[in-house]
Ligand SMILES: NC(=O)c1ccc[n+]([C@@H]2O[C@H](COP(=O)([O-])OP(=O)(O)OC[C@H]3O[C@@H](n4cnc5c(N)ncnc54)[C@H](OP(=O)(O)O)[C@@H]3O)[C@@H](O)[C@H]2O)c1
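Below you will find one chain, with nothing else, as structure tokens; this is the form predicted alone, and questions on how it binds or moves follow later.
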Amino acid sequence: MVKKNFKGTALVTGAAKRIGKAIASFLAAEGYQIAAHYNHSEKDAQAVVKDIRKKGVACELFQCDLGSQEDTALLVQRVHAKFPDLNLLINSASIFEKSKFKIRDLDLFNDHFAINLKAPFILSSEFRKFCKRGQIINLLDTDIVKNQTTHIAYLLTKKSLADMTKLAAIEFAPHIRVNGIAPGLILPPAGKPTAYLDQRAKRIPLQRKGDVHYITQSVKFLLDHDFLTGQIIFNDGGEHLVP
């Protein structure tokens, strides 16, 4: 039985943890069926599916190594076969590792570009091919306006994904809208305590850390306002405004 608020199906990459998990849960409450992507985090992904299904919403798991071009190229097709009403793609999955301008970091460079940029490029292209109409939201990073060098490969991919968001918005129009969200101090990096964000928050205009519900608010804003495309929302307490 189709619910009155049924809005289609969303493919959320990296849905097992962190911001991807929060977005998947939010979209389920908004009326979307969920195609939850994961790679290695099967246990966490199963927990997400269980939680979403408790809400009476259809949710299926889709394992895929986004570092593999061949596997990634088939993901949208697999989801579309299960959910022909697929109409939303959330490119949330990414990796975040320290890297510098060093030859020995080329493996990290390649891994970041494969997962953080090449995969969203492939998925977006396939989404356009199979879905014809809908929306794409790319998860970026507030630091795309800066030039910090502690995470060279990561930052290059996010800067490039921001530009890809704008290019896709033009090419995919008028039937597919493409926007981005650039989070700031929302969740601490893996292995860092919450206090890490509290300390950093002292240096940004609003002087406080954020929460994942701020990101889902931005998702809802982009979904609801159908005259927006090619936009990037800096959800960061003003962090992108300061050095």
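We number the residues from 1 along the sequence you see. The model shown is predicted, which means the values in this text are computed figures rather than measured ones.
Keep in mind the form predicted together with this ligand is missing from the figure; the text below concerns it.
Peer 1: So if I measure heavy atom distances to this ligand in the predicted bound form, which of the stretches 182 to 190, 28 to 36, 200 to 208, 53 to 61 falls within 4.5 Å?
Peer 2: Result for this chain: 182 to 190.
Peer 1: Can you pick out, from Ile137, Met164, Leu140, Ile122, the residue that has a heavy atom within 4.5 Å of this ligand in the predicted bound form?
Peer 2: That would be Leu140.
Peer 1: Have a look at Ile152, Cys131, Ile144, Ile115 for me and say which one sits with a heavy atom within 4.5 Å of this ligand in the predicted bound form.
Peer 2: That would be Ile115.
Peer 1: Please check if Ile176 has a heavy atom lying within 4.5 Å of any heavy atom of this ligand in the predicted bound form.
Peer 2: Taking the distances in the predicted bound form, the answer for Ile176 is no, it never comes within 4.5 Å of this ligand.
Peer 1: Although this ligand is absent from this view, report whether Ser92 comes within 4.5 Å of it in the predicted bound form, heavy atoms only.
Peer 2: So Ser92 counts as contacting this ligand.
Peer 1: Might Leu66 be said to contact this ligand in the predicted bound form, defining contact as any heavy atom within 4.5 Å?
Peer 2: Yes.
Peer 1: Hey, in the predicted bound form, does His213 get a heavy atom within 4.5 angstroms of this ligand?
Peer 2: His213 lies outside the contact set for this ligand.
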